[in-house]
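Take a look at this single chain in structure tokens; it is the form predicted alone.
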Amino acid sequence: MKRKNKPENNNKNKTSRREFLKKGLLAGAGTVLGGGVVGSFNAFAESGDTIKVLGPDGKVMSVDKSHLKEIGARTEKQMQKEGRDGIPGRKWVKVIDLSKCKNARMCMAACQNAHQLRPDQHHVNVLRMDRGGETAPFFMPKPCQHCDDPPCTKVCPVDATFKRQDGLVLIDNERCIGCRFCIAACPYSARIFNWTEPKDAEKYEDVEYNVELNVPQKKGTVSKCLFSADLLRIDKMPYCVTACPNGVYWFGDENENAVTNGTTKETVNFKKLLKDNAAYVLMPELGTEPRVYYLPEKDRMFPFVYEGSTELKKDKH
């Protein structure tokens, strides 16, 4: 599929993102711009030549190029290698407690804001589930499952989607050609396609591409949940996990056998949490070995309220 080129904006001689990368400037510099580093910029001399980068909060900032060199930020080659290799010694897992989901959808909003997604685009979607009969409906957040045996990576003809050593499945939009084979191969419908220009495209036009954040997004490419790989790189919890007000999400490292709740900040034994609550994965018969686990909707914290209805359907469990 041939991707359409963006029209020139007022015939200005703007250097493209790829040209920045070829010059060895700083791809993904936002992942190293912590508060202390940004606060120390005043100590450096200004060169007058600035570059747009993404800060740790996902916001665009203009930074003097000389400052980036001073703090030893990573080159594009280093960033791509780190993004593909993952974080050594880690094996990330997510646990979703269905008994606590109230359909607040703040996890969705936080993810959309971080990844330049429009309101109709979702990396994580909260679904209304109904088993039928006398069982009360419930809500189920559904992100990418980050399978250990992902079918999506096997069908990509250009190695744009890949599995890392730390368990994450990512997409490189600099490689993606928009064939959508990965979308067809995913049994969990966890991928989206950018049919139109992404949200705030002009704002991100000259921002260096960060493969672990998958921003800037591109028209004609695929996007998906990344387990917030950019935040994991700087020892922070995923956007969706910390945004949830009801304690739905647990996240952590399987190698450490520990997961932490994004709301209560409580850390527990990962395997014990799964065993004591009869955790399960989606469609285990497929053999994809998901890294997202679900705790059943038992002892539900909230009664089910269907949006748009005043009727309160109480849980009969």
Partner chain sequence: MSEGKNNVSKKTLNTIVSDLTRPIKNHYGFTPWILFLTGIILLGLFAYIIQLKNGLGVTAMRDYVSWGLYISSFIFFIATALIGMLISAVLGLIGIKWITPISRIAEMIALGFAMWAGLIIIFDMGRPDRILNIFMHGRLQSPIVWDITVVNTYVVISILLFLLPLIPDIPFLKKTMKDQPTWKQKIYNLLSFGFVGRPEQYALIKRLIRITAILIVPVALAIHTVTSWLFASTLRVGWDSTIFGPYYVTGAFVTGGAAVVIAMFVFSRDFRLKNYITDFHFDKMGRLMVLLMLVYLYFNINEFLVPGYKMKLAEKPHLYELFQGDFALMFWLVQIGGLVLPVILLLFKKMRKPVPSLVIAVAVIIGAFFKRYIITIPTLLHPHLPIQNVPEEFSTYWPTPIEWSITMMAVAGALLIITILAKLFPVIPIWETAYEEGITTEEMNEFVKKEND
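Numbering follows the first chain given and starts at 1. What you see is a predicted model, and the numbers here were worked out from it, not measured in a lab.
Unshown form predicted together with the partner chain; subsequent notes refer to it.
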item: Full three-residue contact with the partner chain in the predicted complex, heavy atom 4.5 Å, for 79, 113 and 224; value: no
item: Proximity of residue 279 to the partner chain in the predicted complex, heavy atoms at 4.5 Å; value: no
item: Contact flag, residue 286 vs the partner chain in the predicted complex, heavy atom cut 4.5 Å; value: yes
item: 4.5 Å heavy atom contact, residue 173 and the partner chain in the predicted complex; value: yes
item: The partner chain contact at residue 135 in the predicted complex, heavy atom, 4.5 Å; value: no
item: Proximity to the partner chain in the predicted complex, single hit among 207, 186, 95, 229 (heavy atom within 4.5 Å); value: 186
item: In the predicted complex: members of 110 to 130 within 4.5 Å of the partner chain, any heavy atom; value: 120, 122, 125, 126, 127, 128, 129
